[in-house]
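First, one chain by itself: the form predicted alone, in structure tokens.
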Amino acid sequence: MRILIIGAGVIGVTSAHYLRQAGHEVSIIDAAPAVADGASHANAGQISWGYASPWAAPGIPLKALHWMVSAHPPLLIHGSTDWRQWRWLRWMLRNCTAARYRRNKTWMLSLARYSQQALAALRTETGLRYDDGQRGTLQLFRTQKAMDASTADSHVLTTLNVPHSLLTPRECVAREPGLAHMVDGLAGGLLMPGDETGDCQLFTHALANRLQQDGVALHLGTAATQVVQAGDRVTGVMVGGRFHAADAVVVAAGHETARLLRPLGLDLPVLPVKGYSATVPIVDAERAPVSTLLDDHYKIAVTRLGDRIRAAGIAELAGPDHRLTPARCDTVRHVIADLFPGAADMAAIQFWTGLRPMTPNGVPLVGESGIKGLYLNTGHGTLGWTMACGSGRLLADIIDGHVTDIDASPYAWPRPFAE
């Protein structure tokens, strides 16, 4: 089967890997000049099997009001005339109940854990290295109230048999010695020992290179302008004014997926959620992080990537805006300096911003689109790197008509986001 994949980020490239493994003729198309040039370029570096959680959570509406006057808000919503943004926000708020949060988190954890198995197998098979580490993730709580609230998440993790443990401040420091100066400013932490770290861009480039050697064609620097439908099925894609025929088309174009598919009558509630990251060289390894930490107060992840520190976070609804806002950059800089003072050369800091495709309830869209020959792999939000291998493997099984290893129905389109 000839399969065209629109999108050369980590989602598109891992999809190509599993489809090529299944024996298909695969091509990847992307407007960017290189793979992993969008949201995969400089993300947090955390592969959070255990921390897969929706932003739509109990208490978020009240917290959002508080964040409006905060110096370092983790969530910002800009005014817009786009009715789709306001619909998306309404649906997100409807998913902030305890019951819907547990349901959505369960679905996200299922796909994340499946992805953990898929990435481990891929790494063993290929030997790929990407500044990867397997030392777990530590979520830090600065207040007792936040620590107490983590108990609810702990119950969900226990139900799903996800390894985890609640740590005292001193136990947090034992895991991350660079936090010693903060021991009196912490209420505790939640440890996910099975989580991993890695440079998503390095991984995507390395895997794309292997795929090219295996016959996968990369068409970069040329945008897919139209998915072509004839009758009840998709027949190919228009690229640079030329028609590329295909038996199946996979759209993994991040936040551009929704815009690209509207002419076909598909109204996907996938919006770009702007995130910021900073990368800085380590100058004192003993003061630097060992693995990944998530500062629950600021919603910023800080990750050790070889001889670099990568910090990333913030969710900003600002449309397709790639500008670096100084105040948001200051938030990321502040968290690095606050948690690990003296660890990095802050004068050499490099900032980046990317647009993460997110659904209102945080659960991605993976599988059939409702139009024959057209498939979706998008909407992973902040967890694209975490869910990439599992999503690609799940999609390949769906396309081939195989019985899937996990229940695929939670990720199907269409589905009600507001129920």
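All values derive from a computational prediction rather than experimental measurement. We number the residues from 1 along the sequence you see.
The same protein also exists as the form predicted together with a small molecule; that form is not shown, yet it is the one meant from here on.
**OP:** Give a yes or no for residue 166: in the predicted complex, does one of its heavy atoms lie within 4.5 Å of a heavy atom belonging to the small molecule?
**Re:** Flag for residue 166 set to no.
**OP:** Indicate whether residue 56 is a 4.5 Å heavy atom neighbour of the small molecule in the predicted complex.
**Re:** Taking the distances in the predicted complex, the answer for residue 56 is no, it never comes within 4.5 Å of the small molecule.
Original post:
Using heavy atoms and a 4.5 Å limit, would one call residue 222 a contact residue for the small molecule in the predicted complex?
Top reply: Answer yes; at least one heavy atom of residue 222 falls within 4.5 Å of the small molecule in the predicted complex.
Subject >> Close approach of residue 380 to the small molecule in the predicted complex, 4.5 Å, heavy atom >> reply: Answer yes; at least one heavy atom of residue 380 falls within 4.5 Å of the small molecule in the predicted complex.
Subject >> Contact stretch among 123 to 131, 141 to 149, 222 to 230, 283 to 291 - heavy atom within 4.5 Å of the small molecule in the predicted complex >> reply: Within 4.5 Å of the partner lies stretch 222 to 230.
Original post:
the small molecule isn't shown here, but in the predicted complex which of 111, 271, 300, 253 has a heavy atom within 4.5 Å of it?
Top reply: Residue within 4.5 Å of the partner: 253.
Original post:
Exactly one of 340, 88, 107, 276 has a non-hydrogen atom within 4.5 Å of the small molecule in the predicted complex; which residue is it?
Top reply: Comparing distances to the small molecule in the predicted complex, the residue within 4.5 Å is 276.
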